[in-house]
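One chain comes next, on its own, written out as structure tokens in the form predicted on its own.
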Amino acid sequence: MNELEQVAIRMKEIQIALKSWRYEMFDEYATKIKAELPQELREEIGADEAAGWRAVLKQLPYNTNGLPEEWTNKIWLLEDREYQYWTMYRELLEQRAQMAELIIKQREYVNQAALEKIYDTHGSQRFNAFTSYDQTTYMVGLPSNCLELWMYIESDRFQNPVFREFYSEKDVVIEEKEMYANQPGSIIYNTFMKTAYDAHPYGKPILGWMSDIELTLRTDMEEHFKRFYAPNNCQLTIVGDVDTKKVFKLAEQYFKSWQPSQVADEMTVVEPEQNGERRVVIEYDAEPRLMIGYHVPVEPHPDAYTLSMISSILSGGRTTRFYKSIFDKQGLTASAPGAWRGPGDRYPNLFIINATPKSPHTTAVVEEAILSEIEKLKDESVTDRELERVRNQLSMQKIQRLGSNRWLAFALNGAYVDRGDLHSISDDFDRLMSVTPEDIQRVASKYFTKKNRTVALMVKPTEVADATELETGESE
């Protein structure tokens, strides 16, 4: 692990010295050489990444002679005073090959998925983890007689972690992020968020930027883990057939030695008020899509409950307005448009609407239909019957969820993380049920305005003109 870290540090130093544009230029050239290796040699190399890069090194010039003429004509691309950039890049490839060899060597000493195997042996379910905009969550379902086993394993996992497979796992993360980044839904979502937010971190991707991930060291992550994965920044949520006194006794026994750290303060950045519509058009060779968002508050702000009710009125079932009007009656979309609030729940977020037009309808036509439904919320009072129908659906949904330990665990966990109060689960539901037609008209008029709106459109290059029609044709 120490050898791997030294190699990674040197690779980072070289990559920074080359500058991103020069590094990408050299790397593209080397990757092309790698792809053009003789078929027989590629078969011999197989999955041996180290051998692959060493084969490339043999094909690359040792000095600037033999490099593309457009580079040698601008010699400062390759060498500049004390910097021999091409020599540095060759060293980088050698370090890359060495890292691949070290990772393979290290695997001899790694017992992969040992923790997962222990849990599987004891009947675990849904052993997983995820990171959202507001929290990182680790979860597992176990028989109740495995409570102490869980305490023993998790207390050790968080107090004494050894990130043995950091670099091989980082490569997996990079591959997944690259794959995700090229999906149309991901492209429009990330562009939409960056456009909607100026200051708040909600506008940044959860995993950060690719350039940061590529240059992150294991020691960087260890420092991050020590700071944020601490008892004063953590909560344990246990739901099931357990004895409360025993839970607290075991928690004291296994977690008492876990030392607190200097975690980040409460987020104080407030997104400035938006003073004009933001509109971005993404040219991409895929089926068109659109996202519309409005900045809105979160619970316990009184308007947040009305916004939740509005999302249920607009979308979420066959009796909702988007389904009946835009999807069913007009046939404008491939599926009913969705409406929800996100990307997080802890800080002021967005009321988001997404839709996929059904050919031959354009994003402009679908956007106009969605905005028409939004205007109806302002101009026409929601009927008591429609509101009661939504209340009944939400009540049934809550009853069904209460029968799930998993849902209870998520709900309790979220209540503490976002609000610091488990009673917010019942309080929020009661406040949601008390929303009136007058509240809906008032809140819709307050937040669903043009100056508070962000629109992201994904269109094929030939459809760009159609996508911008509403930009000049609609007034406040």
Partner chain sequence: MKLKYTITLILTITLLSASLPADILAKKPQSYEDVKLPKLKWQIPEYSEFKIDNGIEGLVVEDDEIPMVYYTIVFPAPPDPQDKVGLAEMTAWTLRNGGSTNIHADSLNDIIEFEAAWIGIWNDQEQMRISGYGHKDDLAFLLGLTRELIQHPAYPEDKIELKRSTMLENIRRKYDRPNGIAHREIEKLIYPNHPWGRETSEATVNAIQRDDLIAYHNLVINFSDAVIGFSGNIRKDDAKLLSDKYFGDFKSNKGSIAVLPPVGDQAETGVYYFKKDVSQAFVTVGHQTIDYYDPQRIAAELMNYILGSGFGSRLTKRIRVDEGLSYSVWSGLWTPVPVKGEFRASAATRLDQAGRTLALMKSVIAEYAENGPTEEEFNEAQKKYVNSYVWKYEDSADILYRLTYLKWRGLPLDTPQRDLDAYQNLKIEDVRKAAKELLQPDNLVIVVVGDEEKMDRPLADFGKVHELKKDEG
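Residue numbers count along the first chain shown, from 1. Worth saying up front: this structure is predicted, and the values here are computed from it rather than measured.
Missing here is the form predicted together with its partner chain; even so, the following discussion is about that form.
- For the candidate set T136, T219, N405, N190, a heavy atom within 4.5 Å of its partner chain in the predicted bound form is found for exactly one residue, namely N405.
- The partner is absent here, but in the predicted bound form a heavy atom of Q159, alone among Q84, Q159, S381, S132, sits within 4.5 Å of its partner chain.
- Here the chain stands by itself, but in the predicted bound form one stretch of 192 to 200, 346 to 354, 268 to 276, 161 to 169, 161 to 169, has heavy atoms within 4.5 Å of its partner chain.
- Using a 4.5 angstroms limit between non-hydrogen atoms, E49 touches its partner chain in the predicted bound form.
- With a 4.5 Å cutoff on heavy atoms, T237 counts as touching its partner chain in the predicted bound form.
- Its partner chain is not drawn, but in the predicted bound form it has no heavy atom within 4.5 Å of S211.
- When contacts are judged by a 4.5 Å heavy atom cut-off, E108 does not count as touching its partner chain in the predicted bound form.
- Taking a 4.5 Å heavy atom cutoff to its partner chain in the predicted bound form, the contacting residues in 20 to 42 are T31, K34, A35, Q39, R42.
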